[in-house]
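In structure tokens, one chain follows: the form predicted on its own.
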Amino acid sequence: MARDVLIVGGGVVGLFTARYAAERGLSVTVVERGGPADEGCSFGNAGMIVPSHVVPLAAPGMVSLGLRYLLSPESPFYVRPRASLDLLRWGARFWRAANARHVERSAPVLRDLHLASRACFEELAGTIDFGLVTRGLLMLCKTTHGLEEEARAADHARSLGVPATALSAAEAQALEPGVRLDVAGAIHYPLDAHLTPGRLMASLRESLERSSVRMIWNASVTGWKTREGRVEAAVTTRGDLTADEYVLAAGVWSTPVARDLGVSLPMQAGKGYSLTLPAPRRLPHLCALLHEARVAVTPMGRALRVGGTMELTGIDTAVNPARVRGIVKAVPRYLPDFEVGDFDGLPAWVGLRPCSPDGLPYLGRTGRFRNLSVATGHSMMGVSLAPITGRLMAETLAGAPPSIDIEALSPDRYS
């Protein structure tokens, strides 16, 4: 069994991989391109744990829906026109994957991952504090058409063993006494949950430091040294780093880093935004998704976070004010206790989600190098799937068979 492991990427997936690898007795080093104070995609997200999300991003109807969204500057989806061969290839692969057969194959895998990850979170909550709340999620639907759409999704979830209950507007309001709702109805997913991402990241880092995991900050991987089908060293801005096993968990930055090794990990950066009200006038009891608006609303302690959008703009963290306005304007339409002015002056957080063309993460060993593994490409499900990703990765590094079949997630599927 390998003794030394180098994990490239200090986001939530990298940290969970480090935690579970260290529990198995491995000596772990994490190298992160940013610093301890940087708040990447693992910090400002909606903090949702979503067994309800059994359908991958690449699904029937998503291409036509995305095209309709392009007509509105405040819509939840946008693709910046640019001369990019990578974007064209990604789009073609997404189009080919967005079909019923792909969903049928992928949904059971996502279900197993989400349920196992939820169990990991519950186990972890007994040892560290990250604000876990297990009251479920409300999918709030403003229109009858939206409610019918989500009811079909709930039927699909139930067919896979994920519970879901259709609610009238009055029933939804009874389940959510914290705020007034203005909706046609809702779907309640009782196994969904939420947490506070910043507290999760801080607690993970503190626990890793206590377990002697080595963290190297502000160090970018600029190249690799390889020999006879093995990686021998990662070349970084802080010097060469050697290990027995290497794990690439650097989010969207994994693509250019892997390219230097001849490993193809097609991904696009899906830019998302969030704003956090530190002292909202009312506080929901449950997290919620505003169905038609594609906006997430999550209580986090005494604060309230709202977030959304999917912008394919390349690796770019510039704020698009129109997208932020779209998020803010959606909230009062569903939750009339809030006004657009409540969000005036709040800074918009920006994160780049690593989106694979088929909506599934890359997880497992590469065929090109015997000691290189990949754990990235989780799109909007990074926090939700991080614990089980880390556990599966640790099993792989320790030479144990994976506890969940991850063949469909092979990092070689686009090679």
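So that there is no doubt, residue numbering starts at 1 and follows the sequence shown. Everything numeric in this text was worked out from a predicted model, so none of it was measured.
As for the form predicted together with a small molecule, it is not shown, yet the points below apply to it.
- Put simply, Gly47 is close to the small molecule in the model of the complex: some heavy atom of it is within 4.5 Å.
- Proximity of Tyr273 to the small molecule in the model of the complex: non-hydrogen atoms within 4.5 Å are present.
- Put simply, Trp349 is close to the small molecule in the model of the complex: some heavy atom of it is within 4.5 Å.
- None of the heavy atoms of Gly390 is located within 4.5 Å of the small molecule in the model of the complex.
- This chain is displayed without the small molecule, yet in the model of the complex the stretch 253 to 261 from 141 to 149, 334 to 342, 126 to 134, 253 to 261 comes within 4.5 Å of it by heavy atoms.
- Checked against the small molecule in the model of the complex, the residues Gly308, Pro266, Pro280, Gly326 give one hit for a heavy atom within 4.5 Å, which is Gly308.
- Proximity to the small molecule in the model of the complex, defined as a heavy atom within 4.5 Å, holds among Pro357, Gly382, Gly364, Pro56 only for Gly382.
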